[in-house]
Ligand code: TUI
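Before any questions on binding or motion, here is one chain by itself as structure tokens, the form predicted alone.
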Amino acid sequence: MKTRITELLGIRYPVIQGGMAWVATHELASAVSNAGGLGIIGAGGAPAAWVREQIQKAKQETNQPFGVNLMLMNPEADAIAEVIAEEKVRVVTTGAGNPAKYISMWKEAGVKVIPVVASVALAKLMERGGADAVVAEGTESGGHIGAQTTMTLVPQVADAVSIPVIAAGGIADGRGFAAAMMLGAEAVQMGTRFVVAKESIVHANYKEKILKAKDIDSEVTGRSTGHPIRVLRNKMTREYLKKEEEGATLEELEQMTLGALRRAVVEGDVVYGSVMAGQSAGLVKKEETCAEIIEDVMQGARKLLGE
């Protein structure tokens, strides 16, 4: 399926894997890229040296394009931005802020720049700043979220900018893909479904929590702090939300979630860990290879789109 995104990135299918911290390692990124999508290494809060190592390992595992997601709040964001340019990574996606100060450096290195946006205003700003495309991410997605739904955000962003739009948030199958295309997107980004891929290194407990999730199992914590995060409910979320209701301080709340994502992903603590996942978790029913996931999504989409 050809779109402006497949042409821009040199990929076979307009399917991009979300750059999830602790989850999106070189193993997952290279597997998605080898399957014809765009794999992404999630830098999260990791140091620059780790990101370089991940990029170099991915280069050994695939000769297809892959990208890096840079969380702009990372204390080593400047150093990671330079690593991305030095390693000439094909694509960078950015989250939690404005990547303006890095764009010219990346462009000079031939890196395609695709910021994740949660509003029309930010999408327009990114286009003016030289972004090659944007990911319009709805509130249905896992992890850090904005306020608009994918259904309303994607068409408004598509109307507002001339660069290609990638839809993210709540997409896990061919139906979601087809809907995103109807809304004006030219690719989709999926995170939650790739978490349970066979090549994903996350703990079996984390995968099982997603596979057993029902439609009502996702919860948003941190609204009071201004940094809402979508996770699957567990003992930690219940205690966290109770503390939020009681007016706990930012420090108290941060203490509860310190290292919680790593505990869930690496150690398999799905009781007190932070099990980040989108509202699409209820649609994810089995562990498959990245190739099987992409094939399933594309097959379902082709039927609906009549391709």
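This one's a predicted model, so the numbers in the text were calculated from it and none came from an experiment. Note that residue numbering follows the sequence shown and begins at 1.
Omitted here: the form predicted in complex with the named molecule. The next part is about that form.
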Q. Which one of 196, 89, 118, 166 is close to the named molecule in the model of the complex, taking close to mean a heavy atom within 4.5 Å?
A. 118
Q: Heavy atom within 4.5 Å of the named molecule in the model of the complex: which of 145, 236, 77, 181 fits that? Just give me the one.
A: 145
Q | Heavy atom distance at most 4.5 Å to the named molecule in the model of the complex, all of 18, 24 and 149 | A | no
Q | Region of this chain that lies against the named molecule in the model of the complex, out of 95-103, 173-181, 204-212, 77-85 [heavy atom, 4.5 Å] | A | 95-103
Q) Can you check whether residue 276 is within 4.5 Å of the named molecule in the model of the complex, heavy atom basis? A) yes
Q.
Does any part of residue 158 reach within 4.5 Å of the named molecule in the model of the complex? Heavy atoms only, please.
A. no
Q.
Just checking whether residue 229 would be counted as a contact of the named molecule in the model of the complex - the rule being heavy atoms within 4.5 angstroms.
A. yes
Q.
residue 122 versus the named molecule, in the model of the complex: is there a non-hydrogen atom within 4.5 Å?
A. yes
Q) Are there residues in 70-94 with a heavy atom within 4.5 Å of the named molecule in the model of the complex, and which are they, in order? A) 71, 73
